[in-house]
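Presented as structure tokens, the chain that follows is alone, the form predicted on its own.
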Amino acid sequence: MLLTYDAFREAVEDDDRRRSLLFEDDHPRYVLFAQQFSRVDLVRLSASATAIRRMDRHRDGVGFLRSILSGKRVLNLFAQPSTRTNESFVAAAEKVGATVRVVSDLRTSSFAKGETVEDSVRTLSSFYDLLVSRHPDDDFATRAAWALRRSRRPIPVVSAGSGKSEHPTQALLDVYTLQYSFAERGGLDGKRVLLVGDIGRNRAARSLALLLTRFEVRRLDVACFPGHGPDPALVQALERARIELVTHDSLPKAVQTLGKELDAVYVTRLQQEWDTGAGKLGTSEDFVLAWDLRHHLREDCVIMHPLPRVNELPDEWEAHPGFVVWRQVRNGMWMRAALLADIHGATDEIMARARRLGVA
């Protein structure tokens, strides 16, 4: 029976029903939420991302990688400004052999004529094999997935950022970066993470927090702007995972209090694009990770930022041994390549070839 949109939306928000609608044969078909991924999924995708990264430096591996999605066409439909995420998806698709088309000005599309999401994505599915979307509407990617799932050409949909709530592939690359950083320190389990910034409106921070529920993280510290703390749904998700949420009204105070206990600090900017008549870009000193705060942190404390940054993470932090922001950016390409391959059921083949080449 075909579900109405409201029934579909209700089902994919239900932890017990979500997977049956968004996965096929244990491979993601529609990537809409960070929390749709299990710990097993995260381990598999991280291993595949590492294998792809290593094979890309191997003469025989490069040719194999380009064959994975050879002949497939990917459309990046970006209704919000993006350079980093868009180019990351383009590079990822090209690494595994797909061709990519980017549409970033929806004023030149039929959306400007009032065409519905359903009609637009069903039209596009006639020409492409996978849709990557970024949109200011929280429901755009979900509505696109619903429309395509009930069509005769149900191509996959990947959210590259939906409104203020979801950025699942950013969360995947962030978890991959944390796992990589903690590889010789027992992994993510038991680590102390501090999220900083506009948590209520920053979809990257929110999605990362949701994925942390897949690990044995018993406490999450958040230093957030007044009025922009974690939303009720995120608070409830953390409670279900038995993760204690501790909020702080000042980043310097939080760092001074937690100090050497912190394993990672994830800094985000003030999301001023959501404010009408926003003034000068940047944030107040209460949420800037000032360079002199380094004395309170261990040298192996991981420093991350989803970018773009304004003034909240000064350039001096690049001298800190735990600064991994540029690795984080590059990891986005590897993780997204792994995800695109996994959507098409190629992960087992990737791992088998990596083992034969001695790079697994």
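Start at 1 with the first residue shown and count on from there. What you are looking at is a predicted structure, and each value in this text was computed from that prediction instead of being measured.
Beyond the structure shown, there is the form predicted together with phosphoric acid mono(formamide)ester, which is absent from this document and is the topic of what follows.
Residue heavy atoms within 4.5 Å of phosphoric acid mono(formamide)ester in the model of the complex occur in exactly one stretch of 66-74, 26-34, 45-53, 303-311, and that stretch is 303-311. The single contact residue among T268, Q170, T177, S159, judged by any heavy atom lying within 4.5 Å of phosphoric acid mono(formamide)ester in the model of the complex, is Q170. Of the residues H228, K164, R150, R84, just one reaches phosphoric acid mono(formamide)ester in the model of the complex with a heavy atom at 4.5 Å or closer; this is R84.
For the chain shown alone, R134 is a contact residue for phosphoric acid mono(formamide)ester in the model of the complex, at least one non-hydrogen atom being within 4.5 angstroms. For the partner-free chain shown, nothing in 36-61 comes within 4.5 angstroms of phosphoric acid mono(formamide)ester in the model of the complex, judged by any non-hydrogen atom.
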